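As structure tokens, one chain now follows by itself in the form predicted on its own.
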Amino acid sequence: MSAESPVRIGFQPVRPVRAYQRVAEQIEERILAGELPPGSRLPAERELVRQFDVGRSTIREALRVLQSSGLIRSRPGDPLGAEVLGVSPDTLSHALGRLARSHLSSLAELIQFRMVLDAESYRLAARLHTEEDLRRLTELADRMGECVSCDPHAFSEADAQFHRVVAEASGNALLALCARAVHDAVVDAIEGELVRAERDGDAGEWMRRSVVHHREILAALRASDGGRAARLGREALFEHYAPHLPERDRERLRAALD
């Protein structure tokens, strides 16, 4: 009885991991574990060379990889060592913004993603909020109302902060991080067009409607009505962004309303 022939799977050759990748991985692990918090400094290049027992070019390549990932800010030869930035909404929002401008995604998909994230933030916040969360949200809604006729920039700041507080009230740090990053990426991607539209139209009227909308969301959160809060959030985003998109993209956003 003959032995069976071995199965031909077609494995691909493997390449050894380069030293700079191992260096970058170790540093990244320390950053993500919180052992190297944002604002702290890595040892200077000379000390990293000694600790890792590799050449200076290997250390510099590892630092370049970490910097391109947004985890550190590094300048060759800096005697203070690279600054740790850590994981932040800014890093994620920049990546999402680039994705929306690439052929891999679109602005409509980014806005739709925000509609989904915001809705879930509202739904969870309606159940998990604290009295302090409600106090802060009330304060921010009042500030928006005060800024309608005098300070559009302060209005926008209070608006952004309102959404951040809701995301934090969801009790999910990852959801809060993603919600803030997506918010910032959407604003960066379409802000110029919105500013022009508001300048040509009635920006004050839009801000007054926005204040009413935020107070309605606040009332839904206070009543622990997550479904209503989520629906209000999706509708407001659609109303705000859909007019600035082609009709085919508006259909994508309409699909996220229900």
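Computed from a prediction, not measured in an experiment: that's the story for all the values here. In this text, rigid core is short for the largest set of C-alphas that superpose within 1.5 Å between two forms. One-based numbering along the sequence shown.
Quick note: we don't show the form predicted together with another copy of the chain, though the next part is all about it.
- This chain lacks the partner; the member of L134, V148, A158, L117 within 4.5 angstroms of another copy of the chain in the predicted bound form by a non-hydrogen atom is L117.
- Proximity to another copy of the chain in the predicted bound form, defined as a heavy atom within 4.5 Å, singles out one entry of L124, A141, V84, V187, which is L124.
- With a 4.5 Å cutoff on heavy atoms, F238 does not count as touching another copy of the chain in the predicted bound form; it lies far away.
- Taking the partner from the other structure, another copy of the chain in the predicted bound form has no heavy atom within 4.5 Å of any heavy atom of I72.
- Taking non-hydrogen atoms only, P152 never approaches another copy of the chain to within 4.5 angstroms in the predicted bound form.
- At a distance threshold of 4.5 angstroms between non-hydrogen atoms, Q67 is in contact with another copy of the chain in the predicted bound form.
- Heavy atoms closer than or equal to 4.5 Å to another copy of the chain in the predicted bound form belong, across 239-258, to the residues R252, A255, A256, D258, ordered by sequence position.
- Put the two forms on the same core and the Cα of S224 is off by less than 2 Å between the shown form and the other one.
- Relative to the superposed core, R209 undergoes a Cα shift smaller than 2 Å between the shown form and the other one.
- Once both forms are fitted on their core, a CA shift of 2 Å or more is seen for L71 between the shown form and the other one.
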